[in-house]
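Only one chain is given next, in structure tokens, and it is the form predicted on its own.
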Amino acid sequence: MSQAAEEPAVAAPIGPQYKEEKPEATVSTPIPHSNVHILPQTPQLIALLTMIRDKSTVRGDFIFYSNRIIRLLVEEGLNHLPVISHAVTTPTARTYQGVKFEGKICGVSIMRAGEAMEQGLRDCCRSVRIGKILIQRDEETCKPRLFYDKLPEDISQRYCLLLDPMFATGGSATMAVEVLISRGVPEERILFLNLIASPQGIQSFAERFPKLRIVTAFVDQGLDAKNYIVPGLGDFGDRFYCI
């Protein structure tokens, strides 16, 4: 028997050692604004983003992996909401000093792609109220136009999680924020949740609304001549609902 045959096979690292060898991958563009929060660029997140960016990914898989990223966004978004001290008594009759959320929240989706993020919010926040805003581009002026909004009556008293997966030039999101502010929502009570953004769009948005907080999964390379995010993932709404 040869010496090579006598040596046992070496197992691949599956514990903490796997972090020592990272494959090459494109990670998010950093944004120098304190109100922009980019999800940690972990192997899990990059793998999920790779799946939804792939043009060959079928609709069922696109929905599944998008929902996983949306859940990560919502979980991180909730970390940015204020909490107050709250003590509870455990089943062992001991006191645990914890916290609870301060104030009420609601979701507001920018139709239609933003509606894909509603279930992720519901999964994390039981019985959460969700409003809707429809903004489309005016073909004559090429500028965003408000067509419809339906918001909770007490929205001015709530923290608002604004939902929109793609952020290119930011026209729709900017108008949506202006609608919320016009309904009495303080800028600092608005939290924008987004999957993929362009660097120029997100920087302009962050500067225009410095008190608003942005949580995004990834800031891409930029925009092309048609103002599409590149490398992007195509039309999120079409891939989630139609293709």
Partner chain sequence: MVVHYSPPWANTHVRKLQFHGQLEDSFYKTLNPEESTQAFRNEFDFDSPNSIDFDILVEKLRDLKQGVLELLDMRIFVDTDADVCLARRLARDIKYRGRDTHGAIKQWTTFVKPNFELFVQPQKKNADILVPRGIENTIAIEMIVKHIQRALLTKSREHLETLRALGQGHDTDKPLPSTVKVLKDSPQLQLMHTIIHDTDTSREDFIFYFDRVAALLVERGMDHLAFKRREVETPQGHKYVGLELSRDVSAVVILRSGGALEVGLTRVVPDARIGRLLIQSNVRTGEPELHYQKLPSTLTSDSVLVMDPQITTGAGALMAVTVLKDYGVEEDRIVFVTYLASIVGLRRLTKAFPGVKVIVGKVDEGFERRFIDERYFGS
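These numbers come from a predicted model, not from an experiment. Numbering follows the first chain given and starts at 1.
Omitted here: the form predicted in complex with the partner chain. The next part is about that form.
- Although the partner is absent from this view, D149 stays clear of the partner chain in the predicted bound form, with no non-hydrogen atom inside 4.5 angstroms.
- Interface membership of V128, defined by any non-hydrogen atom within 4.5 Å of the partner chain in the predicted bound form, is ruled out.
- Contact between V83 and the partner chain in the predicted bound form is found at the 4.5 Å heavy atom cutoff.
- Using a 4.5 angstroms limit between non-hydrogen atoms, K143 is distant from the partner chain in the predicted bound form.
- Think of it this way: in the predicted bound form, the partner chain has a heavy atom of just one of R183, H37, R208, R68 within 4.5 Å, and the residue is R68.
- Residues within 4.5 angstroms of the partner chain in the predicted bound form, judged by any non-hydrogen atom, belong to 69-77 and to none of the other stretches in 109-117, 69-77, 150-158, 167-175.
- Heavy atoms closer than or equal to 4.5 Å to the partner chain in the predicted bound form belong, across 112-128, to the residues R122, D123, C124, C125, R126, ordered by sequence position.
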